[in-house]
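Shown here is one chain on its own, the form predicted alone, set out as structure tokens.
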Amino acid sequence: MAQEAQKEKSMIIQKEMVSGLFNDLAKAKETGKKVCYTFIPGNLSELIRVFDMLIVYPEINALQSAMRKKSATYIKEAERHAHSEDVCTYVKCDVGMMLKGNIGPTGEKIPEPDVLLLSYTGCFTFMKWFETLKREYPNAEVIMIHTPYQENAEMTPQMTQYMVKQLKEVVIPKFEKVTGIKYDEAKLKRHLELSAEAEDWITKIFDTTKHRPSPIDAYFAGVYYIGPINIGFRGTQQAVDYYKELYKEIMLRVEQGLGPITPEGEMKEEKFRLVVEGPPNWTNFREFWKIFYDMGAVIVASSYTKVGGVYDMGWRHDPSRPLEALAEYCMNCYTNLNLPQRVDLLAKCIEDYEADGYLTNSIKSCNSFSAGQLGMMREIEDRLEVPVGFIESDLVDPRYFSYSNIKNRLESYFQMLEQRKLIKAHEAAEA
């Protein structure tokens, strides 16, 4: 019988926040709140809050369903309605959930959208996803804001103004039309101040992995930590309070010299420090994590925790330039960076957090992450002479998670890391 997962205090706080959000959504019709469906990368949650709308993230619906072991049923339902096996499984899971009544994680129905807002940031699938949702919700107002790709590794003033123009002339007027609420820039600035504060705290939190042992796992636990900042709480006092509490909790572990808390208790020995590229698998999340902590492997940085914002590179929402800040945030998401930028970012993480190795988890149905991963891996291997590894799984489709295959690959990889450590220790002893 599986041991009951141990939960940190911060995880309990977060669970209450998320439950409150879904409860508010369940009561949206009673309270008269308008509902906006949007995506995490490049989300405009502060602007949405100015108009007192509630936010739904379709990819959160999908991963929540996977962790509750419901995604397989939803995916099959979507495939019954002619969605191909090659389609992103986030999409199929969300569509299947919608076809089966759109029941959220609290067991209550998620309301239909009044607004479908797409801030396009590097994932073409998002556009097709919203085309599908538009067919199902024909009365929803559709808004698309085009985000320029960072092809030349820079955000120019012209790119920023191009986006600000869309915010002023398209997004804000449509929000005003749907909600009947006038745009209030002072209110937006207050939300942005709170966003910047939360971003400061989350950067400090992920920087704690510089300690040995690392007090947290920046991938498996990290995806919980980014929850509030990515699912609509960015720009609120709730998020700031959560991250303050979480930081205190983690720093206490640092003072006591403790490693990460895993679902089966505290990791006793840190043998390997890794940087991981790619999303985790959600259907077998606990089993996936267990392979790592059984081998004493801690992830000290990951690309997926940066999908909603690359805050550790110094960028912050600037309340003195509210619309410009929203535009630059959209352009500065991980999925909107070009491949050399991603390589530079991951290489910096390997060096800053003194990682022993670099691992890619390639996702079968996610082109926005998987495209270019092998090239990135080889570039990092050549540049840093760091051992690299490669495994394959999927986001929310259990058919593409092979526990034995992943475990065998990881065991071979960790044997290589162990051998590399022994050679280095021997060379140091002889020097």
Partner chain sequence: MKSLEQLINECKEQAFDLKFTRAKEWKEEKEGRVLVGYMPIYFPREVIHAAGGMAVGIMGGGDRKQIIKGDAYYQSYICHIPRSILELALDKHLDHIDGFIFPSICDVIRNLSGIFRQQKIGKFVKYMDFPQNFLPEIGGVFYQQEMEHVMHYIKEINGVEVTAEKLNHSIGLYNRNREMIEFIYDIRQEFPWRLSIEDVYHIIRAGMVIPVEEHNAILEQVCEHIKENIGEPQDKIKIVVSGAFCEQPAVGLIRAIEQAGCYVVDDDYMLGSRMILGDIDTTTDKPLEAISQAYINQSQYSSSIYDVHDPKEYRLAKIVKDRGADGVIFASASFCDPSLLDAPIFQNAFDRMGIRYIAFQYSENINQFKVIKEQVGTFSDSIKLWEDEPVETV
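All values reported here derive from a predicted model rather than from experimental measurement. Residue numbers count along the first chain shown, from 1.
Keep in mind the form predicted together with the partner chain is missing from the figure; the text below concerns it.
This chain lacks the partner; the member of C88, I216, A239, A327 within 4.5 angstroms of the partner chain in the model of the complex by a non-hydrogen atom is C88.
P148 is the sole member of G296, P148, P319, P105 with a non-hydrogen atom within 4.5 Å of the partner chain in the model of the complex.
In plain terms, the part of the chain that comes close to the partner chain in the model of the complex, with a heavy atom within 4.5 Å, is 159-167 out of 159-167, 282-290, 265-273, 195-203. In the model of the complex, the partner chain stays beyond 4.5 Å of every heavy atom belonging to P173. The partner chain in the model of the complex comes within 4.5 Å of a heavy atom belonging to G372.
Although the partner is absent from this view, R212 stays clear of the partner chain in the model of the complex, with no non-hydrogen atom inside 4.5 angstroms.
Interface membership of R378, defined by any non-hydrogen atom within 4.5 Å of the partner chain in the model of the complex, is confirmed. Of all the residues from 68-83, those having a non-hydrogen atom no more than 4.5 Å from the partner chain in the model of the complex are H81, A82, H83.
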